[in-house]
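A single chain, nothing else alongside it, follows as structure tokens in the form predicted alone.
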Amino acid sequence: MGSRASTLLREEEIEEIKKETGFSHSQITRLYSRFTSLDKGENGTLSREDFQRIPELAINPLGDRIINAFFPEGEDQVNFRGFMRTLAHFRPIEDNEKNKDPTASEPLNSRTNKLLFAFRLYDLDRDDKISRDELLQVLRMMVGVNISDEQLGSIADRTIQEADQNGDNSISFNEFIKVLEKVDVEQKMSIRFLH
């Protein structure tokens, strides 16, 4: 079964995915093997149910939000390329990537794209801002019943008060970036994929 992954993925597809995501050839073939093992329908795509069988996502309070990030609006299946594009946000930034050609498009694993990915986990209605209600929903997912609604409300109010610079009682992406400017996003939003 181990050779199945490399035989179904054409060399030119691997090269295109390498360019688009920055993953190495061996990382792509290993992740393709993982993708096919998750693909219970054996149709070359993953469903939300396929993702829910991943133990780490099943126990993660934001698991559903992370799973949703793999699916374009209105889609209920993701192919290998889409799977890789989403995973690329979590690829560590290598030293040789930090001073790349400034005219090239920003890599999926750049600080800005990592922050945009995180922002979208909070922006539940996709209106490009995080409201108090959205922040409360995500906080509730993360802490469960360990904190009272009153305490959560206080945390949400304080967070918005500190982040909101234009007085609209919500957090825009630029305000989100500003609040997290001193956070080591590279360390917190990277998965060390084996080479």
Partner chain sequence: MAELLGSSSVRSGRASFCLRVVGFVLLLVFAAAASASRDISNGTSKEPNPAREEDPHHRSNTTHHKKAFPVLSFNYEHVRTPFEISLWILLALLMKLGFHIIPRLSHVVPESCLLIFVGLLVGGIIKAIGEKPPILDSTLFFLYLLPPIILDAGYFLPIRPFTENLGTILVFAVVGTLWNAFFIGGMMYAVCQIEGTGLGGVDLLSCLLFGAIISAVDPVAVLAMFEEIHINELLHILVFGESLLNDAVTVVLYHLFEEFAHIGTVTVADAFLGVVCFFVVSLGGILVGAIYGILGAFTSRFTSHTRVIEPLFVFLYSYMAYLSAEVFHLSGIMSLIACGVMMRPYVEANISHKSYTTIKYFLKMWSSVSETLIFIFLGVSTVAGPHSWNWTFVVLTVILCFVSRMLGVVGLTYIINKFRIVKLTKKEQFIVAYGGLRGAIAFSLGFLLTNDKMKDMFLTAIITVIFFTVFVQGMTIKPLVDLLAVKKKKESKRSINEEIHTQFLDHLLTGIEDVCGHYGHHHWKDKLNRFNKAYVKKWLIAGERSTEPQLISFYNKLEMKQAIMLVESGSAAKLPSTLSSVSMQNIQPRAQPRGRIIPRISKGREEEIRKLLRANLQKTRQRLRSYSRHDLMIDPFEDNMSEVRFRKQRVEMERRMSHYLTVPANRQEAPPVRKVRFESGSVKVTVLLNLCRCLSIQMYNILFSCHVSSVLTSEAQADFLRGKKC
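Keep in mind the model is a prediction, meaning the values are calculated, not measured. Positions refer to the first chain, counted from 1.
As for the form predicted together with its partner chain, it is not shown, yet the points below apply to it.
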Item to check | in the model of the complex, Leu121 touching its partner chain (heavy atom, 4.5 Å) | outcome: yes
Checklist entry - Looking in the model of the complex, any heavy atom of Pro107 within 4.5 Å of its partner chain? => result no
Checklist entry - For Phe173, is any heavy atom within 4.5 Å of its partner chain in the model of the complex, or not? => result no
Checklist entry - If you check in the model of the complex, is Gly44 within 4.5 Å of its partner chain, heavy atoms only? => result no
Checklist entry - Going through 68 to 90 from first to last, which residues have a non-hydrogen atom within 4.5 Å of its partner chain in the model of the complex? => result Phe70, Phe83, Leu87, Phe90
